[in-house]
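Encoded as structure tokens, the following chain is the form predicted on its own, with no partner shown.
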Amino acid sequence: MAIVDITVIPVGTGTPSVSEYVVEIQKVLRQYEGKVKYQLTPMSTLIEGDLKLLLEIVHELHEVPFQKGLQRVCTNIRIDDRRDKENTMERKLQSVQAKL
């Protein structure tokens, strides 16, 4: 189980707002409900699941702005792939909260 933090940055939108792209990305993620968990944050989206599937989803999300007509997209990803024990978003938060 891995966690991916992804930020898709559409370049050349003509406006500072990118919410229309965020909406389309969330629609893509809805197609994977039951296969992955995901969480929208103010700055990125977190996705939890099998790493191979997550990387396929990352590619699909990267394509969203191109499908809307843009010519340039920058995508930042971070991968947390821990294999010695179960790694979930919830478990990571619980671990920190238990220590507070």
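Residues carry their position along the shown sequence, with the first being 1. As the structure is a prediction and not an experimental result, all values here were calculated from the model.
Missing here is the form predicted together with another copy of the chain; even so, the following discussion is about that form.
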Query raised in the report: residue 33 near another copy of the chain in the predicted complex, any heavy atom under 4.5 Å?
Result: no
Query raised in the report: Though only this chain appears here, would residue 86 touch another copy of the chain in the predicted complex if you measure heavy atom gaps against 4.5 Å?
Result: no
Query raised in the report: Using heavy atoms and a 4.5 Å limit, would one call residue 68 a contact residue for another copy of the chain in the predicted complex?
Result: no
Query raised in the report: Taking heavy atoms only, is residue 62 within 4.5 angstroms of another copy of the chain in the predicted complex?
Result: yes
Requested in this report: Heavy atoms within 4.5 Å of another copy of the chain in the predicted complex is the criterion; list the residues of 24-48 that meet it.
Outcome: 26, 27, 30, 39, 40, 41, 42, 43, 44, 46
